[in-house]
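Okay, here we've got a single chain as structure tokens, the form predicted alone, with questions on binding and movement later.
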Amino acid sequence: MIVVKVGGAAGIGYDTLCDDVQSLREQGEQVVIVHGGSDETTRLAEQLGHEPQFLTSPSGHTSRRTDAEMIEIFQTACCGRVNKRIVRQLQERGVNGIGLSGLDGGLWRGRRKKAIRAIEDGVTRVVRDDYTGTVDEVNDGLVRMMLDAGLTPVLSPPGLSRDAEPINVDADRAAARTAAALGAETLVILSNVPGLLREFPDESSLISELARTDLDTALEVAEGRMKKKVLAAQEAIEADVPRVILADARAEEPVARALRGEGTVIS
């Protein structure tokens, strides 16, 4: 089984991903797709006049400021636009895709953060009215039931809090949790760069291989959103997923190339 997480950044299309999934399914491989929706969420928020904001934690991780209005926009963008776009493209290829959010069937359950520390103009402040959270439990039985029925699950944030609230969960880390819960052989994380770059944005500085023991150092090298991807890779490896590959969603055959070792391979 392969779990493929595809990013939601600008410039990432889903045609080549869906072509690859079609080929893998024809070979009898089970595939689970997890996606984000950052660019679509930003675009929709701007259309609705709700200016997007982002928070940077003291450790350097960046996340979307998700107030009560933004969580509604986030759900609409991820579940209503991106998720159904991928499902439709799979169906066009004869792949029986089925789209679910982390809310459906309690797929991704976790806790809503009561407070978030953020750095603003060099000062640490505490944000308390945010709908951000973590995935602590995966309803793997639900996903396995879909796989056993010959379906290809396409999974999307948000997750579900203990109080049955929608929460903005990081899709990379949700994918890591999902891969671990399903006992996946490989987690492929696709984004708009070739993998982890030693000197961002120089794509020729790609780090092609990382050992488990190198991941703490890799977190120091990673820039921007790549920090979350390396953190997700670390969580997956520590949960006994044998292999994680950070690879390029912009390439032809992005999943097939990743499985051939193109990108940053962590094992």
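In this text, residue numbers run from 1 along the sequence as written. As the structure is a computational prediction, the values presented were derived from the model and not from experiment.
The form predicted in complex with a small molecule exists for this protein as well; it is not shown, and the discussion that follows is about that form.
Of the stretches 134-142, 191-199, 177-185, 149-157, only 191-199 has residues with a heavy atom within 4.5 Å of the small molecule in the predicted complex. A residue is said to contact a partner when one of its heavy atoms sits within 4.5 Å of a partner heavy atom; L259 fails this definition for the small molecule in the predicted complex, lying far away. Although the partner is absent here, V221 lies within 4.5 Å of the small molecule in the predicted complex, judged by heavy atoms. The closest non-hydrogen atom of R225 lies within 4.5 Å of the small molecule in the predicted complex. Put simply, L24 is far from the small molecule in the predicted complex: not one heavy atom of it is within 4.5 Å.
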